[in-house]
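So this first bit is one chain, no partners, the form predicted alone, shown in structure tokens.
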């Protein structure tokens, strides 16, 4: 039976790749996509959701909804230096006028999350690959409703490794630490996919040359353009490899044994300062399944096979 999923995202490059993986995986049925401020501002996130659906052209149109455009506290931050001003690394997607591949939900993303939870009790897996603001808002509105979710798969945090926005914090958690702490303390069944494990899965120039370029379709072309891969120089512009953070969170739902987890008690630093957004192991913290190891070769085979 296909797993019903809702994807909450802040569509940058790896979110876009995660959406391709999710929609191209027969194990999953994507019921809805919600957008949150993160890699790029919310308006751009929502445009990118529509662009990706225009590229993917899913047989069953998902509901889409706009969510939070600011964190629960503090100022919004973005990652244009990583994802480009458009969030998609400048990749071009042709959208035909008058053709839509989604159903617009007129209310806030937090309400769509709750609608899905109530409509499909204990069936929806929520895959969150951006800041957790929408989830925290839904928990504040209807904690009992959120308990109807089957599980959460969250890409975020750095538990036993260095952060990527500060030495101590990963972008998604740093963007809204208060929201992350609310979600962690919710009692919901969570699998956290942090940098500890996503830094073990990446595309190299060799993978691009040997496996991505030969596919020769719109999806492989999108990967080439979005990641900034130079097909003549055989290298990525400004980096050595492309980490597949968000696709790994999707793959962990497709094939749970892919990621090796350990149950750890965690807390998030919500006080501003040097350690803001840092996740620490704390004996009295809520226990969460944390990905620490992965079958990287198996993951890459799954990811690449779904570009066809």
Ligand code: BDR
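Residue numbers count along the first chain shown, from 1. Bear in mind the structure is a predicted one, so any value in this text is a computation, not a measurement.
The form predicted together with the ligand exists for this protein as well; it is not shown, and the discussion that follows is about that form.
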Name the single residue among 153, 195, 117, 201 that comes within 4.5 Å of the ligand in the model of the complex, judging by heavy atoms. 195
Interface membership of residue 245, the ligand in the model of the complex, 4.5 Å heavy atom rule: yes
Do residue 172 and the ligand come within 4.5 Å of each other in the model of the complex, heavy atoms counted? yes
So, in the model of the complex, is residue 180 in contact with the ligand at a 4.5 angstroms heavy atom limit? no
So in the model of the complex, is the ligand close enough to residue 129 to count as touching (4.5 Å, heavy atoms)? yes
So which stretch, 164 to 172, 67 to 75, 222 to 230, 135 to 143, is the one near the ligand in the model of the complex (non-hydrogen atoms, 4.5 Å)? 164 to 172
Taking the ligand in the model of the complex, which residues along 7 to 33 bring a heavy atom to within 4.5 Å of it? 10, 14, 15
